[in-house]
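In structure tokens, one chain follows: the form predicted alone.
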């Protein structure tokens, strides 16, 4: 390698200081964990999004360590469509998530779902001790590689292969649970396996949620102030669903019902995207440039329902849609309420997951049931 270990330590310390200045890290325990765990042990090769587009780095490349300690997500695996399926998540996002963890006790284990290269499991192991950390991933190859990375860094949490939606019942109950991949709804198994008084910190849609487990496994909590786009959960290591861009041609030319609508916000802006992801956990969103004009597309592959929104200059838009579901009509009330409330940030929203698994979103006195 072309940079010394001392330089790695310096870069790591600078990253920690930046995270602290920006408010992502605020406890001494988590500062110590981020300052101690060598991220380079977990990402021997990766791609990183830069101003020049995606750039690939290997250990011997100039700028490798600087890229390792940049505040970026580092993608380490892709599927057949070129969609990232494993990464070391952006340090700012991980810092916010781990700082939100509140285990129910000092003895129960903490469950880490989405092992990936193992960096987050190492942070948890440094903070809580390896004996109190269980980490699970659906991909056995990732788990095997993470085991090597963790051992090289001096950590030995319990690793498991399986579907994260099932939690990890073999080692339950847990004091807390953290999931570092995107999910559309909180699985029942998570609430059942976390002890009362503990919490779940997860990427729900484009939001980060912290939920405390109460009586009868009811979960209540609030969204964190930042948004993040995590890769979505996979049900198996070889599952590679068609990405949103794969439907662009269909959405650009589809014909259906047409009407004029008021457009409360551009669907691809950060808060409308967040609310859209909560309303539609199984709907794909994309933006398309057609004849020099941006158009927005929604598609639900399972029912072949679709919507295409073409904005006008006066705040209205043309809505074309087809299929058994009117996707825009389902989504619009959340966007309209957000605009009427003055455009609040994500942390203004709360979530309740009832014992029967139904989800309710709250903003002030307003409540919306979220479809299963």
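Numbering follows the first chain given and starts at 1. Values in this document were obtained by computation on a predicted structure and should not be read as measured data.
Below: the form predicted together with a small molecule, not depicted.
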query	finding
Check all three, 9, 69 and 125, heavy atom within 4.5 Å of the small molecule in the model of the complex	no
Contact assignment for the small molecule in the model of the complex, among 132, 232, 300, 222, heavy atom within 4.5 Å	232
One residue of 277, 193, 85, 199 in contact with the small molecule, assessed in the model of the complex (non-hydrogen atom, 4.5 angstroms)	85
Distance check, residue 210 to the small molecule in the model of the complex, heavy atom within 4.5 Å	no
Residue 181: touches the small molecule in the model of the complex, heavy atom cutoff 4.5 angstroms	yes
4.5 angstroms heavy atom contact with the small molecule in the model of the complex for residue 110	no
Distance check, residue 117 to the small molecule in the model of the complex, heavy atom within 4.5 Å	yes
The small molecule in the model of the complex: contacting segment from 100 to 108, 245 to 253, 265 to 273, 137 to 145, heavy atom within 4.5 Å	137 to 145
